[in-house]
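Single chain ahead, written as structure tokens, the form predicted on its own.
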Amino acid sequence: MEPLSTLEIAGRIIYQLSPVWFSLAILFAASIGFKRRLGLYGKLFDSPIGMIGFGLVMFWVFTGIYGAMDMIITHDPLTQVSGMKNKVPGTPMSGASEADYPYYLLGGDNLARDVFSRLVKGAWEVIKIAPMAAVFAFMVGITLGLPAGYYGGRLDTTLSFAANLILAFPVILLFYLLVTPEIVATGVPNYMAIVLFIFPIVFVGVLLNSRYYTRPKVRNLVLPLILGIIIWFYLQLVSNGGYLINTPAYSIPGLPRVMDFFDIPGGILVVFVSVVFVNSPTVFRIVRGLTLDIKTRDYVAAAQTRGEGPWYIMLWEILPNARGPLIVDFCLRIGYTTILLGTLGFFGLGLPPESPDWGSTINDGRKLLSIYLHPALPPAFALLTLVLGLNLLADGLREESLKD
């Protein structure tokens, strides 16, 4: 077989991504058709910048999802094929069977693995970590920032000092310390996971209790049910192989294996916890600043006059009116997290060495960058477009939230 031309490579890649284009078309058609009923999300489609950013982000989201389902990859991202080391894009596979895809569309890397398949699988590695890490960081920041700004005093001073103490460390150095094997062996990331992952439980518990405080029958039914599910999910997150902590020195039993349906791989857990820990102080400061401003508004005074409790005021009066800046920061924070994940992968920290995440792939490709451009450029371009999309999406949300 002859090597593919540039147009043929582009055509085959576009065809492989058919599920992504189909999903984007349905999403945009439905969103534009019902945008007047979708609140701030619907208004986003009145902003060209926001639509472009949303399209870029959702492209990589769908690519990651379908890649995880093995619907668009052409080869196993970890399989090495003899004779395909550092081959240029469009190179045919020698001796390929009928069941094999006959080409490496974006070429082969220095270990003879398919660059296109690793690019697609790498999208899933980013998508499954960055947004959830941002969500957990926001849970921590909101749970601590609201009372700090609302109550002030010693609580505010103590929490602000702790946040500033963490922010005083250079981010990359802090990441490096948290993910080094020596620190991981001590069980410190597991301790951090146990503490940080409690905050969503606290947040949801306080949220529901404050909402249904005057309706005890509903509260007594809803609160235990939802908290029970969340606590069970929490124990699955922090338990690994039946242990909360499992180091050579000692171990702490966790959720029994019968009830533990999934385990987070150690490398991913360390990276996840590190991202949450680094981002939480910044979110805390943003939420605290917004709370200090909003708590002086008339509608907060009116809620206090009605006799509403402090947590009801914080969660149902202050937080909804701070949603604009927080939504924008959430989008930007996913972008920061994506860059940090890429940086960690580039330095070979956190995720396993064979991981197809974009940072690791760029690091592998840079070693021969003066000779072969194709292994490093696609993941670098993917990282660039995803972060660009998140920034444009944040700009669009900022514009529409100011009009809201």
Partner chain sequence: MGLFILRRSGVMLLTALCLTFIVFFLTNLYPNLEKLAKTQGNFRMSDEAVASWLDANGYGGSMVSKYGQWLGVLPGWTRETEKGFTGRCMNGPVSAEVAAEAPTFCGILQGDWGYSTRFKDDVSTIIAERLGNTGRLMFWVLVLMVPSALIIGVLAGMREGSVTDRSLSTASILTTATPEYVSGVIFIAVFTSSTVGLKWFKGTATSAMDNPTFENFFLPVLTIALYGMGYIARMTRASMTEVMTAQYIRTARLKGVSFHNIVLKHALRNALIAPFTVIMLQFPWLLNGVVIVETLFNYKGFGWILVEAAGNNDIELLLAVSVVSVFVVLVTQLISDIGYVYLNPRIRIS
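Keep in mind that what you see is a predicted model, and the values were worked out from it rather than measured. Positions refer to the first chain, counted from 1.
Just so it is clear, the following notes concern the form predicted together with the partner chain, a form of the same protein that is not shown.
Checked against the partner chain in the predicted complex, the residues 202, 231, 135, 177 give one hit for a heavy atom within 4.5 Å, which is 177. Taking 222, 171, 111, 196 one by one, only a single residue has any non-hydrogen atom within 4.5 Å of the partner chain in the predicted complex, and it is 171. Proximity of residue 342 to the partner chain in the predicted complex: non-hydrogen atoms within 4.5 Å are present.
Although the partner is absent from this view, residue 186 contacts the partner chain in the predicted complex, with a non-hydrogen atom inside 4.5 angstroms. Contact annotation: residue 98 falls outside 4.5 Å of the partner chain in the predicted complex, judged by heavy atom distances. Contact check for residue 381: a heavy atom falls within 4.5 Å of the partner chain in the predicted complex. Residues 336, 388 and 392 are all found to lie within 4.5 Å of the partner chain in the predicted complex, as judged by heavy atom distances. The stretch in contact with the partner chain in the predicted complex, judged by heavy atoms within 4.5 Å, is 367 to 375, chosen from 57 to 65, 367 to 375, 36 to 44, 23 to 31.
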